[in-house]
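Only one chain is included here, represented as structure tokens and corresponding to the form predicted alone.
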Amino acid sequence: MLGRAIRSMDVMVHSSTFLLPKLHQPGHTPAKNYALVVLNQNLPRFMPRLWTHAKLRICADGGANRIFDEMFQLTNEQDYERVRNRYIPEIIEGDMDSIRPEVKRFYSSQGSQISDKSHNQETTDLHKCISRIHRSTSDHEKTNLCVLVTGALGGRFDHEAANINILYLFSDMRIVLLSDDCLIRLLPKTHKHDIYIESSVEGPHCGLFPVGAPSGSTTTTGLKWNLSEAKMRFGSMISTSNIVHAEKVTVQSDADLLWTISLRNLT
């Protein structure tokens, strides 16, 4: 018999309350601080909602073009210039090969910090943005920070793979990759996971799978097809096209897993 007690695994709590209006936040999860990173893909239809939740907004290079060109179409306002002047990112970071000159001039004149990293061609613009947030956030603050990334899914698959790799490179941070259709987050093997489902904005379709290393044992609750000490790996079984069946999904695994869930038609 072991002479010391074995500490139970800590629980990491997840929810998608950032997809809800700011005035309709549930009480089952602690309030989070959000940072928003905008990549150079079409903005999701719920972008104004994400912007409102975020305390820090960073455009990754050409992501600034998207805010400049597309934000007005996602609001119910009639005054184009008023909308453009309202949605000003705090920082624009990247190698500056995609941002248009007039967009760069406009945001610079509005007070946005322009961080030209054209000397660094070894990392993606998303990596540069997440690195900035990582460096400027203490370990204590990281536990209450969630980084939302738009434009991370869709388009070229090599870009998607690089964006998913960011979840693993910065696994000590909560990062959510978003598109109009779904979200992806990493569930580190160091924790048990309680995922609270916001059924008005997400689900029911979901998936759970390992990337980079197989899982020898994964157990879930709250799904239509739950896993019980299941083995998962590419080339064998992975959990796709599953269905959430409860308000809370729990996951415990011996491997880092990606969790994905469909998003409803948000506006």
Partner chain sequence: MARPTMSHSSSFLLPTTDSAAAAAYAVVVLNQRLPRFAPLLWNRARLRVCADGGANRVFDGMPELLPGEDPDEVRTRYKPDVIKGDMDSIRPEVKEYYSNLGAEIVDESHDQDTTDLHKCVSFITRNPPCSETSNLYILVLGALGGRFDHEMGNINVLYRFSNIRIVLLSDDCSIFLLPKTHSHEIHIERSIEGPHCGLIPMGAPSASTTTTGLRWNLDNTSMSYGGLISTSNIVEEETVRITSDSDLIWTISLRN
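Positions refer to the first chain, counted from 1. Since the structure is predicted, the reported quantities are computational estimates derived from the model, not experimental observations.
A second form of this protein, the form predicted together with the partner chain, is not displayed here; the remarks below concern that form.
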Report summary line: The listed residue (L258, A255, L19, V251) that reaches within 4.5 Å of the partner chain in the model of the complex by any heavy atom is L258
Query raised in the report: Since exactly one of I164, L74, V83, I88 fits, which has a heavy atom within 4.5 Å of the partner chain in the model of the complex?
Result: I164
Query raised in the report: Is there a heavy atom of G62 no more than 4.5 Å from a heavy atom of the partner chain in the model of the complex?
Result: no
Report task. State yes or no: in the model of the complex, is some non-hydrogen atom of D181 no more than 4.5 angstroms from a non-hydrogen atom of the partner chain? Result -> yes
Query raised in the report: Hey, in the model of the complex, does D116 get a heavy atom within 4.5 angstroms of the partner chain?
Result: no
Query raised in the report: Would R105 sit within 4.5 Å of the partner chain in the model of the complex, counting heavy atoms only?
Result: no
**Report entry** Interface segment, criterion being heavy atoms within 4.5 Å of the partner chain in the model of the complex, picked from 62-70, 230-238, 32-40, 48-56
**Finding:** 230-238
Query raised in the report: Taking heavy atoms and a 4.5 Å limit, what residues of 50-76 are near the partner chain in the model of the complex?
Result: none
